[in-house]
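There is one chain below, alone, in structure tokens, taken in the form predicted alone.
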Amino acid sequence: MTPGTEYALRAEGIGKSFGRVEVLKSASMWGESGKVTTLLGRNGAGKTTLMKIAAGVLRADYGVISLFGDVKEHHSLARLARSGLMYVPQAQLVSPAYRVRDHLKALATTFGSAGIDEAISEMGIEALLDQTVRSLSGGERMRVSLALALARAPKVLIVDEPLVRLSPQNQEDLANSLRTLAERGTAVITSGHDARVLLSISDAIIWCVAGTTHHLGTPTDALAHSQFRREYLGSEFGEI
């Protein structure tokens, strides 16, 4: 964490156990307005649990969550959402039985229609509006989920593994959409295993290892970190 930086979202010193299994131990992450922060780490490292806690889906055993400097001692997803945070889980935000258009209508009924047309255009889902979600590919479902999130004009967007099981082209398209959203001022926090794509759009890298975190700095800094390259990226990882 850079001294003097004002973070949109901060989760610091987070601990979480499920029964006797300690999943997180003093883990931290930060999101800065206008930038993309990416959590990288192997399965089981605690990325999803940390993101769920930061989003108010899970309650930490200990640690501090703050949103725009306001410490949230009893935070929940609903409360954080009212303050401008949106969370897109791995399970996404869509129901298989409904059309894409139905999801957008429900959003408009609850929150108003402002931003919906722009979100549809930004995520390129015009041709999907009359399809049911179950008929969509994984990439199309994630695009719809992101459109639902973008329509709320979030100040902070947490997206858990948005590139998983997508084609290389869909990965690049979605990653670029996250980059564009950050450039418009949103604090974007994401995660995944697709290091090459994620490093190319990120401003800050957090390495999750065995329930704790290491703030590596910029992608250039991360690539220069010998332990990160050796233990996570592997020796075959070439230049970005």
Partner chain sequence: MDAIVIRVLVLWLFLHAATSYGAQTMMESDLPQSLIANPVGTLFLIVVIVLAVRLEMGRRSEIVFLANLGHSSRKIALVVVAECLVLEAGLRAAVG
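Numbering follows the first chain given and starts at 1. Owing to the predicted nature of the structure, the values given are computational and were not obtained by experimental measurement.
Absent from the display: the form predicted together with the partner chain. The rest refers to it.
> Looking at M86, L128, I120, L146, which has any heavy atom no more than 4.5 Å from the partner chain in the model of the complex?
Of the listed residues, the single hit is M86.
> Identify which of L136, V164, A81, I116 has a heavy atom within 4.5 Å of the partner chain in the model of the complex; exactly one of them does.
For this set of options, the contacting one is A81.
> Is P96 close enough to the partner chain in the model of the complex to count, meaning some heavy atom within 4.5 Å?
Because a heavy atom of P96 falls inside 4.5 Å of the partner chain in the model of the complex, the answer is yes.
> How about Q92 - does it come within 4.5 Å of the partner chain in the model of the complex, if we only consider non-hydrogen atoms?
Answer yes; at least one heavy atom of Q92 falls within 4.5 Å of the partner chain in the model of the complex.
> May I ask you to state whether A106 is within 4.5 Å of the partner chain in the model of the complex, using heavy atom distances?
Yes, contact at 4.5 Å.
> Closest heavy atom of L77 to the partner chain in the model of the complex, within 4.5 Å or not?
Heavy-atom contact with the partner chain at 4.5 Å: present for L77.
> Though the partner is not shown here, which residues of 22-50 have a heavy atom within 4.5 Å of the partner chain in the model of the complex?
Heavy-atom contacts to the partner chain in the model of the complex: nothing from 22-50.
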